[in-house]
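One chain is shown next in structure tokens, namely the form predicted alone.
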């Protein structure tokens, strides 16, 4: 699994250079959801994922995320509900 760990690429999401090791563990121990987009030209990334992760893990990695604004609004609503419950 660590055969490509020292390969480096510029991360457009974070704005600096990273190793593949970081990219494959960035998401709570699983690969970043952008790993295919970033590494497809440099590594056989689809093959790597298929050989090293279960189907459930791959599904989780690429699960569509809520937009950040939606998450923030939901957190605000939850905070309002909690503050209304306290006397």
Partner chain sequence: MRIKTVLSESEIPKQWYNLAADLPSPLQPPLGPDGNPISPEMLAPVFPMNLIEQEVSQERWIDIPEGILNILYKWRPTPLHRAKALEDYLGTPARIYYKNEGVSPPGSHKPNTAVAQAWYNKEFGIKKLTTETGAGQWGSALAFACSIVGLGCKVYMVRISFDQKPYRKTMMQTWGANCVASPSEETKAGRDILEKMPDTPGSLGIAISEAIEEAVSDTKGETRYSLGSVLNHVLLHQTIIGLEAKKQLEKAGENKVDIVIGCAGGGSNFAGTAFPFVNDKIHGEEIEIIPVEPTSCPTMTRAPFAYDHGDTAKMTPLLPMHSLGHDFIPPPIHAGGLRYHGMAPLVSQGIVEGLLTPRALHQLECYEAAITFARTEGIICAPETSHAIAVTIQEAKKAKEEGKEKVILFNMSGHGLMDLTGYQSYLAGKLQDYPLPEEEMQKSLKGIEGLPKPKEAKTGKW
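Take the two forms, find the largest set of C-alpha atoms that superpose within 1.5 Å, and that set is the rigid core. Positions refer to the first chain, counted from 1. Since the structure is predicted, the reported quantities are computational estimates derived from the model, not experimental observations.
One more form of this protein exists, namely the form predicted together with its partner chain; it is left out here, but the text below deals with it.
- Its partner chain is not shown here, but in the model of the complex it comes within 4.5 Å of a heavy atom of residue 41.
- Although the partner is absent here, residue 51 is not a contact residue: none of its heavy atoms lies within 4.5 angstroms of its partner chain in the model of the complex.
- Proximity of residue 6 to its partner chain in the model of the complex: non-hydrogen atoms within 4.5 Å are absent; the residue sits far from the partner.
- At least one heavy atom of residue 83 is located within 4.5 Å of its partner chain in the model of the complex.
- Heavy atoms closer than or equal to 4.5 Å to its partner chain in the model of the complex belong, across 29-51, to the residues 29, 33, 34, 36, 37, 38, 40, 41, 42, 46, ordered by sequence position.
- Residue 19 shows a C-alpha shift below 2 Å between the shown form and the other one [criterion: core-superposed Cα displacement of 2 Å].
- Shown in the overlay between the shown form and the other one, fitted on the rigid core, is a CA shift at residue 73 of 2 Å or greater.
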